[in-house]
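This document opens with one chain alone, in structure tokens, the form predicted on its own.
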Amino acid sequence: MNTRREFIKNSAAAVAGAGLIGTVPLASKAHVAASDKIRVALIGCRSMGWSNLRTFLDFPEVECVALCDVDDEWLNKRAADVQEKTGKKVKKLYKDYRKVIDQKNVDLVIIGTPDHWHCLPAVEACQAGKDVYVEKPLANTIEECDLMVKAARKYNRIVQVGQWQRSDPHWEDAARFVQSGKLGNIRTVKVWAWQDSKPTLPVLPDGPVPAGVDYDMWLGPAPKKPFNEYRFHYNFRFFWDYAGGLMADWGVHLLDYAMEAMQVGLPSYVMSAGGKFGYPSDAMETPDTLLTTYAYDKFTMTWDHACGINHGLYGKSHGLAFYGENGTLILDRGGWEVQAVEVKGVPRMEAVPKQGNTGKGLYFHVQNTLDCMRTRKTPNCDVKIGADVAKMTHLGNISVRLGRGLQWDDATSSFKGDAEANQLVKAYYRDPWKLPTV
């Protein structure tokens, strides 16, 4: 597994030294020979897809050769945005991702689609000999996660998952501190996301498909449903057909570093409780309130989320807390710190004041992707890392949907003795779409 030290060694940060990583300048717009160009194409242009592509275009060796989106509004807007940023017109605009896969001069495919549309283009890109940068969570089902790992390995492709915190040094620093033993025996890890940016979704009637939208292609392998504004674009994440709610949206970022710091894989047992407690009658299908416990041999890990409110533990809207005998390490996107445990006024360890972030996590993640395309080294958030934490979120969601605890067997990628739960492991594709064969 790549570490922060390897990342710094292989990146421009090395010239500044680890202590000055935050001062590393962005790539210059120096001329790059055509033979050295890395040609990228974006599938899914509206939000994170564009954030990713825009960051790739900060590197002078990158050229955008194709854009694809089912919505003409965003396809045309991003074509204009690329031209404004680079001074060059994108030659190929598509509404069908398969045309991107067929385009011979594409080296890397960026997948910024809704979750239910990650697996097919990623697997087909690998089969076509292209590298992949795919948004998180890796896939909308456990079965698809396994297929994507298998495809990346079989076709020897670089597949970087968009969990950019894997390339943001303060997360790695915090994980190594946890592993140093200074906190003492860690008996529980709490992970939370209380997000007031995820408000209620009032029920809206179904309506006509907006002009310029290929809605049947947007649905793809998902069940046929009438068009509804709240099942489209950003809010797709709150409907089971397309995504896994706040658990899958934020959980992959935060649970990832709980697993990394504790150096564990998937648990043997999971139990979730929650539901639509905040907004019981709104349009959202996924829980607005969820508490999940993951059982490990020597500690427990919990996930706690809430939509519409933001006053989580330690006054933070998101974060992780590692509770040791000597102190507690608290970590979020802003940095990390250690609060010492005191016994009769005597601290058991030295507290650590807040260690800040670089603010360049996505930039470093893209840089790592480009480096790995050249060296063929494993990227910082390899597809297997993305698969494991995506599965972690699926375990919690399946437990709450069934209303019971579940025993997980990672060797068989299935639940023990629970046929109903194992039905939710699988992906069910609407005709004519078929689950890819690897």
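Start at 1 and count along the sequence shown; that's the residue number. On a predicted model such as this, the values are computed, not experimentally measured, just so you know.
Quick note: we don't show the form predicted together with a small molecule, though the next part is all about it.
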Taking 4.5 angstroms as the heavy atom distance cut-off, pick the stretch from 313-321, 342-350, 274-282, 215-223 that is near the small molecule in the predicted complex. 215-223
Does Pro169 reach the small molecule in the predicted complex if we count a contact as any heavy atom within 4.5 Å? no
Is it the case that Val389, even though its partner is missing from this view, gets within 4.5 Å of the small molecule in the predicted complex, heavy atoms only? no
Examine His118 and determine whether its closest non-hydrogen atom to the small molecule in the predicted complex is within 4.5 angstroms. yes
Using the partner position in the predicted complex, report whether Lys130 sits within 4.5 Å of the small molecule, counting heavy atoms only. no
Of the residues Phe177, Trp164, Trp192, Phe238, which one places a heavy atom within 4.5 Å of the small molecule in the predicted complex? Trp164
Heavy atom within 4.5 Å of the small molecule in the predicted complex: which of Tyr257, Trp336, Trp74, Tyr363 fits that? Just give me the one. Trp74
In the predicted complex, do Arg157, Arg376 and Asp382 all reach within 4.5 Å of the small molecule through at least one heavy atom apiece? no
